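So this first bit is one chain, no partners, the form predicted alone, shown in structure tokens.
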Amino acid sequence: MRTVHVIGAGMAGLSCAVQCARAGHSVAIYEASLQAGGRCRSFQDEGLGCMIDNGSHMLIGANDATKNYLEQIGSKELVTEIAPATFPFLEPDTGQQWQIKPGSPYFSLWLLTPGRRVPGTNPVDYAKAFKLSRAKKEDTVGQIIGQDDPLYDRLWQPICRAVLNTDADVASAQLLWKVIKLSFLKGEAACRPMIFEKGLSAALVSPALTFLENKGADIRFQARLRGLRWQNDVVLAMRFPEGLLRVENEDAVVLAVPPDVCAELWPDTNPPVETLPIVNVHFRVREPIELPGGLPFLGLIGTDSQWIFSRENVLSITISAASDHVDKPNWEIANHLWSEITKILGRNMGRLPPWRVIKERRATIAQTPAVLAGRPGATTSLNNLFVAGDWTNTGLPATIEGSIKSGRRAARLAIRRMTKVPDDP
């Protein structure tokens, strides 16, 4: 039976495997670590005594590929949609609080209501967003919007860090415009935040593994691919520590691995090498805490803490584009952020509670014009080898949505290739 060999069980690999299994093909997954999910997973933290996510993630209503994936694996009900779309913010230095509340697809109409926009701004200030539509490939958000813009630090910078994991002064203006087109310009429903209340693995990973097992997929953990053997433009075998595994003529191989691993396995892909870190800190508190704004997340302006997420007895802090923080000692980060958020929440929450710092040093590619120009496609010079990952040229930011979309694309290419190759006699 024709088999798709998927290397990597992160979101791109799982997405690819699900599509291939649904199409009736045999699927084999090889994951180097002990668990699936990659940078998007949950685990039991012994120090905190509870389940936490390795990082805080949020979908929006415009993430159609991810919503379709959730439907296919039967876990759509495990993601909570917040309607109407609301994004609360707090600026501790001034004490100002506000909410961004997108409405009609006609961008300017909902901006006429002061309660839906940043305080002290007017609808004309937001018109600069349309300058992004004329940005060239080499333009950055900072160049197009201007760092003296009244919305720069209170809107464009938070969006760039949250969605692109890149500071606005160097982030791609074209990619930010793509985000705006897919969300704000499509109206309220496309902007609705979607929260993983039961954790990332419960919604995205465990149901996918169950689906694949029910389809007869062969899922192997601690199976690190060491190399490929090829001839006449096709992969002939995969080399694992245990030995060579033959790839049949009618099979396909998908490398759904991080860019640095892909560079080792198939350098011709020439994946991007510049990446940026994300730091997440989880605090186990005595009781659930309601955040200002009344939602389970809060954006912060002018602090090292960028986003707070509250889920049950865990407060999670996210710092994106965290190059200035990733090399600091964990205890220093935890103490500093705890001091910061207790002041932000305006309450005496006592001494530093149990904490866990998680540093993703290569969380995403740097989403600058220069790096994005080098994102490779899904095909390679080998007819039966394809690549997937949020770092490939999906046309989207390096997010869950980008990962899942890339996996779907690789699956389509692999299936198309297999259907064209006759079975060996």
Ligand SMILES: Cc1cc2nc3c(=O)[nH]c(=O)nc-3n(C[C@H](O)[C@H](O)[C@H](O)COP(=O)(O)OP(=O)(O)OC[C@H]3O[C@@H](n4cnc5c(N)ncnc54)[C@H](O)[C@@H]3O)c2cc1C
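For every residue, the number given is its place in the sequence shown, counted from 1. Remember, predicted model here, so these are calculated numbers, not experimental data.
This protein has a second form, the form predicted in complex with the named molecule, left out of what is shown; the following refers to that one.
- Only one of 56, 368, 42, 380 comes within 4.5 Å of the named molecule in the predicted bound form through a heavy atom, and that residue is 56.
- Proximity of residue 387 to the named molecule in the predicted bound form: non-hydrogen atoms within 4.5 Å are absent; the residue sits far from the partner.
- Interface membership of residue 278, defined by any non-hydrogen atom within 4.5 Å of the named molecule in the predicted bound form, is confirmed.
- A residue is said to contact a partner when one of its heavy atoms sits within 4.5 Å of a partner heavy atom; residue 61 fails this definition for the named molecule in the predicted bound form, lying far away.
- The closest non-hydrogen atom of residue 176 lies beyond 4.5 Å of the named molecule in the predicted bound form.
- Contacts to the named molecule in the predicted bound form (heavy atom within 4.5 Å) from stretch 29 to 54: 30, 31, 32, 33, 37, 38, 39, 40, 54.
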